[in-house]
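Two forms, one chain: they're shown below as structure tokens, one block per form, named structure 1 and structure 2.
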Structure 1
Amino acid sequence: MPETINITHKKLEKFLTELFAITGMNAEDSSWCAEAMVKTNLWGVDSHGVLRAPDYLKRLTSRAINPTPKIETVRGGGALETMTGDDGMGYVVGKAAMNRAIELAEKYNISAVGVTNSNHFGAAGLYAQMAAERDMIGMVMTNVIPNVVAPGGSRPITGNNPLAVAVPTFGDIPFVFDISLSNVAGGKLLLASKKGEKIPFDWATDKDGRPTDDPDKGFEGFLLPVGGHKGLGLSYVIDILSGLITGGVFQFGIKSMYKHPNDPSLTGHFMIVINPLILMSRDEMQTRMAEFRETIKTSPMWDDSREMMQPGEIEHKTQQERIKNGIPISAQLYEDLVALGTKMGVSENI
């Protein structure tokens, strides 16, 4: 059996849509969840996307995640609102919140929507890009369970809370910035361990919080924030916006979907939408974004092996390649999905 199997995105999307529908989600929501996860894989962000589908499906089946949430505004006024996600799928809640934020930004030119009682929503860039597709700037953040330790601390104090910003380019290449606030993701520690390499001391700590250059000790321990106090403080800000001012939970109030598979995660998201076309014409914005990109692309390099990219460019390239050649899925994940398909009774397995 090969290490990876390539599956066309359409086949994968159809399969996942059916799986989500079987859990009781309506047609629109199950189709969106499948589309969003497959899109994440098309971007090459394989740490999210389809890899997480088996866990989501388990949580939907056990009703830790509510397949038919009533997502509605509960607080706020003017251009700022908070909604409850009613323990729904993070993808569905995230989409509803972004749609509401876009609606408010159409009226007020800037808006923010916070949402409580959500769950893991995948790549933050998905929602930021929804705004860009509507000619607006989307800023999306979410809190996650504390997994980042402060320098000197012996247990995690905050999450590697992601932040994504998408800007409409009115051109071929989207601008989508999407990061999390640990210096690296856990996957990089695994990779270094496999290669037998040491890791820089600012990547991770051992289980007592002490910096380590041993990737295995780092994997038992905690992640360090990007830029020390810089990433740490920004992570606090994201938690405050996503969980504290929304009336949701923050810091240790969030529940890990892995440690508490049968409980709602109570995750909070926060989305800001800005309408740049009240400030300039579409043509002017397009020209300026093209200039911005041109300056980046033509910047001289001493390292010819590298290419300057605007945020989102590499994902765009990967998407084009994978639409053509299919999405590589690990043999293990493929088997898990096939087994799930059989168990849940899909009409046509993957």
Structure 2
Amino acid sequence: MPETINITHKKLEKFLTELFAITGMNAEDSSWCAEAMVKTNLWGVDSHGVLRAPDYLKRLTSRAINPTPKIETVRGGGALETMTGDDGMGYVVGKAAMNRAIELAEKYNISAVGVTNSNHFGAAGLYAQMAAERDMIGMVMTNVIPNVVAPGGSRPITGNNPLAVAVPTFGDIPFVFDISLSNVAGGKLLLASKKGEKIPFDWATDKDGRPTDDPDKGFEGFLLPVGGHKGLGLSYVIDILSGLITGGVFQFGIKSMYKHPNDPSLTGHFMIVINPLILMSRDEMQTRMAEFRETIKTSPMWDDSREMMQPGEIEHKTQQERIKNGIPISAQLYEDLVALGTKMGVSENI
């Protein structure tokens, strides 16, 4: 068997939709979870895509994740609300929260919606881009159990709390900035482990805080922050917004989906949506964003063979290529998914 196997995005999406439906999720939620995960793989963000499916499905089956959550507003008013995710699938909760933030921004031109009692929701860019597709700016963040050591520390102090921002360009290339505040996301350690690869020493430490090139030791240990104290401080801010002020959990109140596989994660999210078209016309913003992108694209590089990219452009190009040629997944992950499909009784395997 080859090291990687290419699967069409439509086939993979159909397979995952049926898997999620078997756990008791309704048709709309099952379809969205599959769509979101496959879209993440299409972007080339394989660490947050189908790789996570087996763990999500185990948690749905054990009811650590509620397949039929009642997601509703519990606090706030005006343009600021907090919703409960009722321990639901993070993808479902994240979508509901962003839709509510968009709805409020349509009324108030700016809104913020916090979320409590959710679970891992995949790539934050999924939800930020939802706002951009509605001609609005989306800012999305989520808190994570402390897995990042401060520079010089030997124990974790904060999470690698992700942040994504999407801005409508009204053109072909989206502007989507999506990062976590560790040098890499934890999913990249999982991916390296699946592929049997070493990792750079500035990605993670072992459980004693010592830098390591072993992805398994790194996954058992801690991540290192991006930009030293800068990334560390920003992660504190995201935890305050996503967990502290919403009335949800923060810092060590969050539960790891790997260390506590049978418990809800209690993850928090925070969505901010801005309507820029109250400040200028659509045509003016399109012209200004095009000018902004052109400045980036024409910025010189010392290596003439390389191309300057705006945030989201690499993912856009990767998506076009993978729609055409299929999504590559490791042979090990393919075997895991086939076995899972057989075990759960999927009618048509991948």
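Superpose the two forms; the largest set of C-alphas matching within 1.5 Å is the rigid core. Keep in mind it's a predicted model, so treat the numbers as computed, not measured. Just so we're on the same page, residue numbers count up from 1 along structure 1's sequence.
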task: Could you let me know which number goes with the form predicted alone?
output: 2
query: Relative to the superposed rigid core, does the CA atom of Lys188 travel 2 Å or more between structure 1 and structure 2?
result: yes
message: After core superposition, I'd like to know whether Trp203 moves between structure 1 and structure 2 (criterion: C-alpha shift of 2 angstroms or more).
response: yes
message: Taking 2 Å as the cut-off, check whether the CA of Arg306 shifts that much or more between structure 1 and structure 2 after a rigid core fit.
response: yes
